[in-house]
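Listed next as structure tokens is one chain, alone, in the form predicted on its own.
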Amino acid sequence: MNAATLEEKVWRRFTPAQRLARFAVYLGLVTAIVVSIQTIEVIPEFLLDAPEQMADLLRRMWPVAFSYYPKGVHEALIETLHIATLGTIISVVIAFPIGLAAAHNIVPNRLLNHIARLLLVSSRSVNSLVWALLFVAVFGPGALAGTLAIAFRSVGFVGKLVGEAVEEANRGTIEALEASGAPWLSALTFGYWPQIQPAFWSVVLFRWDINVRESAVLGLVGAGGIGMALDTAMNLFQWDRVAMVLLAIFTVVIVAEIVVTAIRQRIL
């Protein structure tokens, strides 16, 4: 066996095409980072001064104005929870039929499937703050705008996951029901629902947890909730009250996470 034959059998991890593709990816990432840094125009003086400014801000926040909670935070915090809860319920009512329409095994019509998926994508593509700005312009500032913003933002999330759960359901039970002459609604109730129920409740609880976090900042654009208290305190440079609001938001988010985890362990 000559040297040329031995050289041809040398193992290489990547083919020339794969090495070229990896190089193109790395080059693209580096280019994107460089262009991004140039676009956002980072000012070195502000960047170097940031630790000092942050330390000064934390000093202004201490001590926390706990006395501000009863009159300025509690009611807004409860309103935030109401916005998240009612928005989640409305989103489920809207998203469930749209999710079913997006599932091809429930609605074997490609046009309806595409229309339903377009609605779900449209909902997910608009941020909750943008939805809030839109509804504030329509209904005025307040909790109604925040509730609708949470609902319309959540429709795409809930509907997509419900539709995917329906499409992944085992066809054996459904075919048995259909063979026995069961109507469509009975097949959905006794065939699909028992299979997707765990995923459905998991999605709803997870979305409510997310909505609690999102509804906390909707008040920054006038959509009600504790975000309005935060915005007011910041505009008046009352940093001890800002600390109180942030502490309340952090506490509610932690409690919501614990509650959701406990409920999921009980029902799933």
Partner chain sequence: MSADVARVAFPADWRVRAGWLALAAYIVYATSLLEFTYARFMVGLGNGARFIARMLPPNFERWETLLKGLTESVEIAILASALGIVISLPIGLLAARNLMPPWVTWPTRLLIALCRSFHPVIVAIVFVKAIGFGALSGIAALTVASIGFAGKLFAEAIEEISLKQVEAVRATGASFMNVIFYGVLPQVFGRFLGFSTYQLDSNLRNSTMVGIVGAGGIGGALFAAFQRFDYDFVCAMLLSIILLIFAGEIIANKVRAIFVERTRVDEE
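Computed from a prediction, not measured in an experiment: that's the story for all the values here. Numbering follows the first chain given and starts at 1.
The form predicted in complex with the partner chain is left out here; the points below concern that form.
- Though the partner chain is absent from this view, in the predicted bound form it lies within 4.5 Å of a heavy atom of just one residue from T85, S186, N113, T173, which is T85.
- The partner chain is not drawn, but in the predicted bound form it has no heavy atom within 4.5 Å of P198.
- Though the partner is left out of this view, T147 does reach within 4.5 Å of the partner chain in the predicted bound form, counting heavy atoms only.
- Although the partner is absent here, L134 sits close enough that one of its heavy atoms falls within 4.5 Å of the partner chain in the predicted bound form.
- Heavy atoms of R124 reach within 4.5 Å of the partner chain in the predicted bound form, making it an interface residue.
- Shown without its partner, the chain has R213, E214, A216, V217 in segment 202 to 219 as residues with a non-hydrogen atom within 4.5 angstroms of the partner chain in the predicted bound form.
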